[in-house]
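Presented as structure tokens, the chain that follows is alone, the form predicted on its own.
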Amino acid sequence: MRITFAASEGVPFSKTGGLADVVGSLPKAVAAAGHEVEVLLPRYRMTKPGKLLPNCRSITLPLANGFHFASIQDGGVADGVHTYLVECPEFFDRDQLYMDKGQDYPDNPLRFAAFSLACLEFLKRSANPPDVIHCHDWQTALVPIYLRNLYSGDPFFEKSSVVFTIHNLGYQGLFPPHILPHIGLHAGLFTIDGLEFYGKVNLLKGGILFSDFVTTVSRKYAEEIQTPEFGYGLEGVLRSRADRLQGILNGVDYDAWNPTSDRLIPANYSPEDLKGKEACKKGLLEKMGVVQPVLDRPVIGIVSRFATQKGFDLIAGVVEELMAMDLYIVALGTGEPEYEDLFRSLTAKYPDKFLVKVAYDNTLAHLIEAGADMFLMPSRYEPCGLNQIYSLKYGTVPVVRATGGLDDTIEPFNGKTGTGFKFADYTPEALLAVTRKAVEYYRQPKAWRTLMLNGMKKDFSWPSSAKQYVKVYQAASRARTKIKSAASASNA
């Protein structure tokens, strides 16, 4: 099959979070399974430009506020995946991908409408249509919306199906209804059975409704988002598509995240020889400014967006008790000002034990994975999560809340089997109790080594997940063929 990925970010071209890691890795695994794969991304200011494609020097984007123009650059071929970059400086030549100074760009709907139209127009310049267009999150939800509305009569796409992946249901692309004509859509779509959502336009809802199959990034999250607690108002829409909704756990790229070969850490190590991990721990503490590191004191690592979703209010509720347990907490991330300020205040109050860097720093992220003893993810919800999976490979024991992909990937340790520690109730007390349990096991070297090795032996590489995606692609293609056949019979 020919599979086209459309996404708003993907490594190594652009990144704000886990979506970019998935878009950087899944296409490679699908290509390795024998399929023709291409990826379409915006060309942001941070993205190195590619060579302009001769037949795509000027793509006209007829949006309602006038004509806009894009071109397509060749981003190159790597691991069997051809990447193309949508060049449209008025929309993408900016310092950040989605926001500035903590506020979303006000023209985001127009920006990603332009990207979505450019993707479809680029595909029409191909000799053959894609079998499947795989879209990701609300920024590309307009691809299936356009495809089943503006392009519904276009014979070029009549056999192309759409798979739509929800990476985080909390981000839905909500906008006032007056944006519809600006993004080229008619007011008739603003209904409860269409894009209307409590008086606003919901692009993610459109992606769910107009795609042939919907996936999300873990089995547990696929169940959770069909409930009021995690559905963010879309649980009914998702339940209506339950027969076309599947959770597929994200894989990870062990070429980038593996302590045996990681070039960003002070010493490499493996399950057979763990000596290098202590050197990484010492290097991490020194990097964070600890003058005389106490190496038998456990280090709890955090690498995250500093956001409400991530559960950091729980830490604030028991920070005094945590600091009394004789441990270090090392945190790295950026995000909502409230939580950036929280972490800054905690490191000011406990400068020798609560160590924080408010930044995006990939090298330090690797060092935390390698140098920490435990990795904390107390999330309110977590569609998949990648850091707990990285942590397993690095022998860094995950301490997580039992939600979404965290629940799917971490098995409670009982002294012999299991890979980490989980808590269920979203309370500071539950977090404190599970952390105490983890520290108790840390003080038992034999049991702790068993726990580390259990995690390091786990394999969450992409080929297994890619096989599941290929089955979804095949099912989506069959479903589209049936729809086309039914339409033909009706017209006859």
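A quick note: this is a predicted structure, and the numbers were derived from the prediction, not measured. The first residue of the shown sequence is 1; numbering continues from there.
Only in words, not in the display: the form predicted together with adenosine-5'-diphosphate, which the text now covers.
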Answer with yes or no whether residue 362 is in contact with adenosine-5'-diphosphate in the model of the complex, where contact means some heavy atom within 4.5 Å. yes
Is residue 309 part of the interface with adenosine-5'-diphosphate in the model of the complex - any heavy atom within 4.5 Å? yes
Might residue 238 be said to contact adenosine-5'-diphosphate in the model of the complex, defining contact as any heavy atom within 4.5 Å? no
Do residue 371 and adenosine-5'-diphosphate share at least one heavy atom pair within 4.5 Å in the model of the complex? no
Proximity to adenosine-5'-diphosphate in the model of the complex (heavy atom, within 4.5 Å), stretch among 125 to 133, 84 to 92, 377 to 385, 270 to 278: 377 to 385
Pick from 108, 73, 246, 334: which has a non-hydrogen atom within 4.5 Å of adenosine-5'-diphosphate in the model of the complex? 334
Counting non-hydrogen atoms within 4.5 angstroms of adenosine-5'-diphosphate in the model of the complex, say which of 213, 328, 257, 421 makes the cut. 257
Let me know which residues along 293 to 317 have a heavy atom within 4.5 Å of adenosine-5'-diphosphate in the model of the complex, or say none if there are none. 303, 304, 305, 309, 310
